[in-house]
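Shown next as structure tokens: one chain only, the form predicted alone.
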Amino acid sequence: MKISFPHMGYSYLALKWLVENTGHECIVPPEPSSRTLDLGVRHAPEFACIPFKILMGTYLEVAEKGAEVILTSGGMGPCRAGLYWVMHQYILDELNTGVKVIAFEPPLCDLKDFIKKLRWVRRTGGLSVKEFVQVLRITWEKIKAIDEVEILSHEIRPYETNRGETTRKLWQALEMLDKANNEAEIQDAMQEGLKLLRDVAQDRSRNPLKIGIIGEIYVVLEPAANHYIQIMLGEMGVQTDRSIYLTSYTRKNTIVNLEGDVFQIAKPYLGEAPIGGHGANSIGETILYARHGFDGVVQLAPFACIPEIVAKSIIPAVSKDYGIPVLTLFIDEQTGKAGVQTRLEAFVDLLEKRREVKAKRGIERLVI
């Protein structure tokens, strides 16, 4: 069976290993490009959001490469994303691609369906239950290792003395993790990758701004969708922290729902209203970033994403109450890298001036 899946950040390295080691042929999805988006825009409904269009384009590209099955995720709650796969399947059928989309609903939503689809993957690949569990475990270790090296790269990048060195070391670390085939090799590759990053020449006398990244999961996790915003900010000398990584998202939706805390934090601004998607998260995480002393927050949102639009309407009150500036970037097929960079540079300038003013006031209080 020729199987593919959405391209979402660097997780494709682990998912490729998963597909290949369950006895299937993996059609690796290409990184989203202008062609991917063109295909998606051409065949998607006009007012569909950018994740829908990018995924549509990706599915058509892997269909061209011979993919027979696409594994993706569903969703629950008042957000259209949970039904994307239904529309994608409809369009793929209309275009006579012969591709079948299999969506894994969150186990907390439908455990029986989740297990049924896992069983399909195992049986079509000819694995025993024990072999399949081992493959899943190694895949999980690989995902965790990928997240670890990426997190460290964003911590180090604002201190690098040779621009671009951190990113080059990150690619090397990911390449080593791609080649790892068991838990011991993954641990060795991760440690070597972390060492590569720590060995980057750094100027630790710097005091970088700290910006939190919040928003809708796809545009936050897929660098090609957000124009590599974390690398862009890092090379401006800003330390970034992303609210969503695949490991944390997976834990919240397959093992135990830990988001209750975030929802409780956001509750004073939302009441009992469920706004779907990651809208409540965006509000709660803005508060958390303020509490942890971050200088600002960037909200990434697909154009026409209702949960993030609702969150954006509430965030100014949060920003005022907690004294943290928030920049919202709505992303669609018209969004260009130059425009994103210009807005980020202006935001960073604002935060630097704000820090200077706060420092000056602090000195004046001490003198008085």
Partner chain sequence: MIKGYLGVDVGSVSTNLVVIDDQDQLLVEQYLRTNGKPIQTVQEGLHAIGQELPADVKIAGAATTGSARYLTSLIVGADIVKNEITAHAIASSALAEDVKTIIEIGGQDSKIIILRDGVVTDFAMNTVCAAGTGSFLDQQASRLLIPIEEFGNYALKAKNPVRIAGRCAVFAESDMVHKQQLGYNTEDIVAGLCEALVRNYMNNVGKGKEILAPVMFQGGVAANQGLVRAFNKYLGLEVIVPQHYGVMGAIGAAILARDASRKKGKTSFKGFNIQEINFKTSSFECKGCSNACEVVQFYENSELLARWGDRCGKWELHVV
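In this text, all values refer to a predicted model and were calculated from it rather than measured experimentally. Residue numbers count along the first chain shown, from 1.
Missing here is the form predicted in complex with its partner chain; even so, the following discussion is about that form.
A.B. asks: Could you work out which of R168, K116, K195, R291 is the residue within 4.5 angstroms of its partner chain in the model of the complex, going by heavy atoms?
C.D. replies: Here the answer is residue option R168.
A.B. asks: Sort through R163, K130, R137, K179 and report the residue having a heavy atom within 4.5 Å of its partner chain in the model of the complex.
C.D. replies: Contact residue from the list: R163.
A.B. asks: How about E25: is it within 4.5 Å of its partner chain in the model of the complex, going by heavy atoms?
C.D. replies: Answer no; every heavy atom of E25 is more than 4.5 Å from its partner chain in the model of the complex.
A.B. asks: Is Y322 close to its partner chain in the model of the complex, meaning a heavy atom pair under 4.5 Å apart or at it?
C.D. replies: No, Y322 is distant from the partner.
A.B. asks: Does its partner chain come within 4.5 Å of any heavy atom of P316 in the model of the complex?
C.D. replies: So P316 counts as contacting its partner chain.
A.B. asks: Can any non-hydrogen atom of W17 be found within 4.5 angstroms of its partner chain in the model of the complex?
C.D. replies: Although its partner chain is absent here, W17 would stay clear of it in the model of the complex, with no heavy atoms inside 4.5 Å.
A.B. asks: Each of L83, Y90 and V262 having a non-hydrogen atom within 4.5 Å of its partner chain in the model of the complex: is that the case here?
C.D. replies: Not one of the three qualifies.
A.B. asks: Using a 4.5 Å cut-off on any heavy atom, which residues of 339 to 358 would contact its partner chain in the model of the complex?
C.D. replies: In sequence order, Q341, T342, R343, E345, A346, F347, D349, L350, K353, V357 come within 4.5 Å of the partner.
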